[in-house]
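Quick setup: one chain, the form predicted on its own, written in structure tokens, and binding and motion questions come after.
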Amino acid sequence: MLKPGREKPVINQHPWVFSGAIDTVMGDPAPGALVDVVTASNRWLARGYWNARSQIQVRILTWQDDPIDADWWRTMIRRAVEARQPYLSAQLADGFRLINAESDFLPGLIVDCYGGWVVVQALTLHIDQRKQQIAHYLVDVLTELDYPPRGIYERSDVDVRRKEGLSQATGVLWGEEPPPLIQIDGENWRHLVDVRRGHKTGAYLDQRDNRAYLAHFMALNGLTDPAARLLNLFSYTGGFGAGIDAQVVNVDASYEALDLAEQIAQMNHVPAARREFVQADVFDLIRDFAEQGELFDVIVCDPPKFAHNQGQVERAARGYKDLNLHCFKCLQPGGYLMTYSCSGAISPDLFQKIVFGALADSGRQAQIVKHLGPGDDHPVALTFPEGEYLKGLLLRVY
């Protein structure tokens, strides 16, 4: 039962009910159990799952008074899968997101596909308790749609599970275990993905379309001759250099990621002279480049999440500003900066203001060429603005 006046977000179909909005818990629901959400006057609003250990104590599954049973799960999973029909039609050869948690109205559940293997993240207790059933529902739905998976692998090894009282978990949920590296095919580029140990579920699928866009943009603007230089910061396995016929410097703190990036470049027959792989602290290196007068035609700055909550926003803003300031200093006149934030606590408006502040301090001029976000396999529910975590800007800098 909600406190008086706290029902509006639920009525507006926001999927989270925080502990501070709850007045009374009737009965003694077990952790992960289904509960009904009612107003202070006992009017039924929604049904979701309960976890008293989490600050988000109820995550809502439905605003209809329907049972949450096997048919409900199959229906919701099928709806999400069918929305990715263009990706399925590629015979699962590419990597893409199949279920995007709250934004596909299945809170706590992430499902990605890589070349026929399905990777599941159970972020919450309720999803964790039902992950074997969910794996079988996924197999049923994908098989019915004529895209049977080879195996379903769990990558529930993320820190957010601790807030739900869960430890990390990985392993096969169904079918074959994935190989050490899975090959997926992008446009004119083959990728290798480690779904068992790689970042997230193996790759940053939310940047897939932006990587393809950058390759197309550079080709369109004559930035693919041997003299053109791209600096790829926080490069991971080098995705933003994929398919780009230019000098690419990939910088990351992880030796393992850079080693895989080099393997991928070799697999795609990229001359060794066209790719450089630098293991370094990006903050230190970009400052050194700025002091040394190193200049690039294009810089991609795609750092990890700096702000995990509102309390970290101020510190994160300083980090983003410092990075972008030195990126501006390292660009040729007329060059391009593709810069991102994946911190959900940083709004698109705030991020643009942070980048503006860095520009002002750099003494440069810039134009916004394009606002950037994830691909359409990462939809954002209109009632869940928190789902809009990835935001980016492509800037022309003078």
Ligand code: SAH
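Remember, it's a predicted structure, so these values are computed and weren't measured experimentally. Numbering starts at 1 and follows the sequence shown.
One more form of this protein should be noted, the form predicted together with S-adenosyl-L-homocysteine (SAH), which is absent from this view; the next part is about it.
Partner contacts here mean any heavy atom within 4.5 Å of S-adenosyl-L-homocysteine (SAH) in the model of the complex, and among 236-244, 314-322, 154-162, 68-76 they occur only in 236-244.
Although S-adenosyl-L-homocysteine (SAH) is omitted here, in the model of the complex none of 344, 372 and 388 has a heavy atom within 4.5 Å of it. Within this chain, residue 304 lines the site of S-adenosyl-L-homocysteine (SAH) in the model of the complex, having a heavy atom no more than 4.5 Å away.
Although the partner is absent from this view, residue 287 stays clear of S-adenosyl-L-homocysteine (SAH) in the model of the complex, with no non-hydrogen atom inside 4.5 angstroms. At the 4.5 Å threshold, heavy atoms of residue 219 stay clear of S-adenosyl-L-homocysteine (SAH) in the model of the complex, well away from it. Proximity of residue 126 to S-adenosyl-L-homocysteine (SAH) in the model of the complex falls outside the 4.5 Å heavy atom cutoff. When S-adenosyl-L-homocysteine (SAH) is considered in the model of the complex, only one residue from 110, 270, 282, 81 comes within 4.5 Å through any heavy atom, namely 282.
Residue 253 is the only one of 145, 253, 169, 172 with a heavy atom lying within 4.5 Å of S-adenosyl-L-homocysteine (SAH) in the model of the complex. Residues are counted as partner-facing when one of their heavy atoms sits within 4.5 Å of S-adenosyl-L-homocysteine (SAH) in the model of the complex; in 188-215 these are 199, 204, 207, 211, in sequence order.
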